[in-house]
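Form predicted alone, single chain, as structure tokens, below.
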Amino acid sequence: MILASAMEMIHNALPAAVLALGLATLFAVVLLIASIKLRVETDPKVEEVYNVLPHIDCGACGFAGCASYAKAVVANPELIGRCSPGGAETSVAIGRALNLQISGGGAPSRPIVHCRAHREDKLFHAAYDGIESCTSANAQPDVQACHFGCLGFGDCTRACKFDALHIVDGLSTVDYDKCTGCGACAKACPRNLIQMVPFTQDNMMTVACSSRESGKTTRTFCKVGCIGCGICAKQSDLFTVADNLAKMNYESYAPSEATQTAMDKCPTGVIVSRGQTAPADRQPGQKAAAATA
């Protein structure tokens, strides 16, 4: 009796099992056909280019990440050279992948903060109780007397994925050992104080100021600002002065005895060196240490 009942149950369940198996097989076939029909063919060149990129997805190239850049550069080789973290070596590797001859020249871009005023150098500034953001603080007209200097609330540090910027005593400071040159910090600064500069030397001399106030006005609110005196321009053609502000010509940059003399004679010490082995900034009146090339 029990055996007969079991056989009857199996008999009744068999059609359902066969139907389920048939449907599963049908779905598998449909999915297989769809995967073949809808498969996106990957260009082996794109994969080869992607493999030589640094895979940090910093966005310095102007694309969402390394994968997007690889696809774009295969379609348009004129985009070679946009990978700042990879530098010239990566550009050459991309060219090799695309059977192109790419020169190994070209200096890596690194950020320079055009301000050197720490808290003790800013003679007048107001208490700020708003959002801890340079962008927010910059909207307030009287946060600090200098409308051109670093606000020190760290928008650049938060934008950096590599922990290469820190606020040191109220001033954005680059750790060149960690910096990849992605440029995110420069984009984040609401006062455009951070400039991406081709580092043709291990250390680069620069005018660490952005103020266009008169020299007399600058002296009233900053101990280390550029006063537009023009002494540097008299020593070296690499310096020019416009709108009360000295600037360095990086396109023709080459350290020399003349540029060192300009640094030594700068009355506020605003001419400084930046880089992995750059000497410490000096205070006004102190003689500059020899800049390491």
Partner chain sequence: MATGRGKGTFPGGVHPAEGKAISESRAVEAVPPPKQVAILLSQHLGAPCQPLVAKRDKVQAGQMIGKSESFVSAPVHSPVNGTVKDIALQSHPVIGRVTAILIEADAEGNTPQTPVFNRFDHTFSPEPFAVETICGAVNDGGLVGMGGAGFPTRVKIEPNPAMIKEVLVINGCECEPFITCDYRLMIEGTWQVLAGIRLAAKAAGVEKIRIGIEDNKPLAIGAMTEAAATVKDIDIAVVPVKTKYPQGGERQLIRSVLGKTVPTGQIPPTIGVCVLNIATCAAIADAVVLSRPLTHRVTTVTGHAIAKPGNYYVAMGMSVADLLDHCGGLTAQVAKVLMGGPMMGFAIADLTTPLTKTSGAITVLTQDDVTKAKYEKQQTPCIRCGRCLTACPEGLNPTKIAHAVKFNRMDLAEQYYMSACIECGCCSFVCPANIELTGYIKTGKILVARAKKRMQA
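Positions refer to the first chain, counted from 1. In this text the structure is predicted, and so the values were computed from the model without any measurement.
Keep in mind that the form predicted together with its partner chain is missing from the display, and what follows is about it.
Stretch-level contact check against its partner chain in the model of the complex with heavy atoms at 4.5 Å: of 166-174, 180-188, 80-88, 94-102, the positive one is 180-188.
The putative spot formed by 48, 57 and 161 is not touched by its partner chain in the model of the complex; no residue has a non-hydrogen atom within 4.5 angstroms of it. Not displayed here, its partner chain is kept clear of residue 153 by more than 4.5 Å at the level of heavy atoms in the model of the complex. Taking non-hydrogen atoms only, residue 212 approaches its partner chain to within 4.5 angstroms in the model of the complex. The closest heavy atom approach of residue 120 to its partner chain in the model of the complex falls outside 4.5 Å.
Under a 4.5 angstroms non-hydrogen atom cutoff, its partner chain in the model of the complex lacks residue 200 among its neighbouring residues. Residues 130, 131, 133, 135, 136, 139, 140, 141, 142, 147, 148 are the ones in 130-160 with at least one heavy atom within 4.5 Å of its partner chain in the model of the complex, listed in sequence order.
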